[in-house]
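Only one chain comes next, encoded as structure tokens, the form predicted alone.
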């Protein structure tokens, strides 16, 4: 490696270390990294998974802490036993919204297994895997028991917050929204929480009553990757029969995504009647992350990704520029999110699209290096928006070092 590249890498490591360390929070005997000061003070599930992936490059102890802390408020009793909440309120404060002071009652994209395996592969030890194994087993058992009422190997979301794509246009129809303002969109999401509480988080009952019930292509692909990681963790711990079972379950999810969410064209499925939602977004590209596409589907997704409507001056636009809902200065209406770019890069590498992965990696690094660590970015101008400094934008370090 030449001297200039060494210096650039060192600078990036130090910038990222500073970013995460200034957002670190001590919570009793645990530590976690808040997504951003003031705006996001609590702990979020998939944020902590991304933080662990970043930390593995310079602080293995903190990488483990992120994952061990995020499972501490896993549900221990009742119908949702095993669920890992999308938010943990270490100092309380969740009761007004969720009916519980310490946690939310919904989840988020399951990346704990993926992150744990990546931390382990970078010099971690089996102790972390052993401590997370039973919580991960209970979590994925909960998905099958509670979120797959039709037993088709595709789990359902009951709130947009579970997707991580909070205000994306792909959810407007399910929320009864048409060209909503930011305030209207947020109010619809808040109102839905009250409905979910009324139905005791029962996905089947919510779907039958006509409320938000979506089998999302990206969420299920992420789950396939997490089941795959869980199979590897089981094998590493010597649970060979369980490893085969988890891999079989991962393959069932991959096949369901391939056959039902990517064919005949990429979509999410809404409601008990599984009505296709064909609103264009970057979500189908995440299918590559989970290994869910066949070769023809992968090639088609790659071609679509490189279209100018997604491959903007600062890619990837999460809503294409040709969509009537594209509004890149507003939350989730077409912005660039570096965690989504990270997922897409991993998928491109998995399928051998190495050159596109390389270019997207360079574009992502340039975006955060030029405009700093924002929550999200305008795909046309690069301008940063949302919270600042935002921890998961430090994923550019992982993109740079793991290429």
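Positions refer to the first chain, counted from 1. All figures in this text were calculated on a predicted structure; none of them were measured in a lab.
The discussion below concerns the form predicted in complex with a small molecule, not included here.
Out of the listed residues 328, 82, 284, 164, 164 is the one that sits within 4.5 Å of the small molecule in the predicted bound form by at least one heavy atom.
A heavy atom within 4.5 Å of the small molecule in the predicted bound form is found for one listed residue only; from 139, 246, 332, 120, this is 332. In the predicted bound form, residue 347 stays away from the small molecule, with no heavy atom inside 4.5 Å. Remark: residue 104 does not count among the residues lining the small molecule in the predicted bound form, judged by a heavy atom distance of 4.5 Å or less.
Of the heavy atoms in residue 65, none are within 4.5 Å of the small molecule in the predicted bound form.
The small molecule is not shown here, but in the predicted bound form it comes within 4.5 Å of a heavy atom of residue 108. With the partner left out here, the small molecule still marks one of 357-365, 57-65, 23-31, 42-50 in the predicted bound form; by a 4.5 Å heavy atom cut-off that stretch is 42-50.
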